[in-house]
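This document opens with one chain alone, in structure tokens, the form predicted alone.
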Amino acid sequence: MEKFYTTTAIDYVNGAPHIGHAYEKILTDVIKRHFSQRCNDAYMLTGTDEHGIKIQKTSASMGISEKEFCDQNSSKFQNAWKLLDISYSQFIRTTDDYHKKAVQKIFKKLLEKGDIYKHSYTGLYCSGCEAFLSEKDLDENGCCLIHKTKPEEVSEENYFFKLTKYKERIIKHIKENPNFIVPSFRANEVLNQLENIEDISVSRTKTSVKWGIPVLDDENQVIYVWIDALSNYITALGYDTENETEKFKRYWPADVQVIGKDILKFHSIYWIAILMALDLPLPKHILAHGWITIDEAKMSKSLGNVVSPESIFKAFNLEIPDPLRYYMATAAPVGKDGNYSDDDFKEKVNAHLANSMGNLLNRTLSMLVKYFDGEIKEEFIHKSELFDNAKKTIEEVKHHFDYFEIAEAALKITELVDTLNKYVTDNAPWTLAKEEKWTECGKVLYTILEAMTSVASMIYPYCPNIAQAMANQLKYDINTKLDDIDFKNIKAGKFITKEEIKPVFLRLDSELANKNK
């Protein structure tokens, strides 16, 4: 694998980042970090979507310019991702000059090609969705299914994109590539939506929306979200229809585009049609994740259950984001909805990260110091069947990631840790030491430490700080590629001192980890 390019949806900056935004970014970052262990060039794009009527109205109500409002809120998203150790390679804003110029060229190319035309239109517009809705998008009260508000009837002369022209090609692609949409059960949903698609509006009049990218040669129109926001995945790489930069040639097509299930239609139909119209390769996979509920209730500002990443950090006095990253990444099977609750968060990360994994390393190293003054003797080093088990786990983890089964991959890692804990219990090195069976005792400890190097590598995408702390104590290079793990890391000689042994993760209910509780 030469490169791996992954993208997130770009977040609309009309509000602050919440745990739903964080879920997507954590998932994508875990994917990116895993594939960085399998190739030399993993690239991740994220960013913010900054045009549209909602931003225009909100900024006006605050008495500030649209750009000033976008600057303030875009920085909130960047700060949140820094807090969560999201290792994105590039952050794009749709107000970036290079993006705006590229979007204008893309629009012009599609117009000259005949895939965009001008048309008078009357439709139902939902400002929450930033989209025109059809009757099937409304509930029995005529309200948007997502925002529960009645859309506004709008009559305009806008530019339209010939989405229907690409209908059959999109259907053919989805049917011939069963892994294109992940999870695969979402494909039928998209195929059903394709049955009744119509051409889509790709501009608004400036009298309706002035905060947008102007259409070249038509001062009365601004480019609408589909050409603007969706194009970020290629404009970020330098694509502008005239120049395919080396960066674009290297990374496009995307290996996976991670989005929420509520915008799957726009990415698997609208975006794909735009790429077809531009004669560009299609992304290899579109991963539609589920929603995160709070205590089994869908997040809602009116319910007061919108949780931010910062609020969880403060509630638990987290010094590193690894517990939240691990919990969110394993919240649900691929594509299904997940749930956040404080109690479950504490219970899960304590069980998996502190009690099982962290404690295993800590007590093994402590026994090495207690019985052998922290030294690995030559006679301890041997080949264990547990290494074959760990190697098998690595392959299983890779297989799950190939299908973007992030929670399922983590389960394999915890199963290996459980196996290692059982090995310690069954072989009881403390009993071997009491019986002065020093070589047998040393072999048990060596086996655990050597196997734990693979655990550190596999858990790294989820918990980069904990993995690095483990690697430091194991004298192990955390940047080792998964295929290069050979279980020959632990060498004979002085290995560790008592002072070097530190817990890699404190329980959330411990006095040190949670001072205010």
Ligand code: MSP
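Start at 1 and count along the sequence shown; that's the residue number. These numbers come from a predicted model, not from an experiment.
Beyond the structure shown, there is the form predicted in complex with the ligand, which is absent from this document and is the topic of what follows.
A heavy atom within 4.5 Å of the ligand in the predicted complex is found for exactly one of Phe132, Phe180, Trp291, Phe387: Trp291.
Across the proposed site, Phe35, Leu416 and Met458 without exception lack any heavy atom within 4.5 Å of the ligand in the predicted complex. Of the candidate stretches 37-45, 22-30, 487-495, 474-482, only 22-30 has residues with heavy atoms within 4.5 Å of the ligand in the predicted complex. Taking the partner from the other structure, the ligand in the predicted complex has a heavy atom within 4.5 Å of a heavy atom of Ile263. Shown alone here, Asp49 lies within 4.5 Å of the ligand in the predicted complex, counting heavy atoms only. Using a 4.5 Å cutoff between non-hydrogen atoms, Asn232 counts as a contact of the ligand in the predicted complex.
When the ligand is considered in the predicted complex, Ile10 lines it closely, a heavy atom lying within 4.5 Å.
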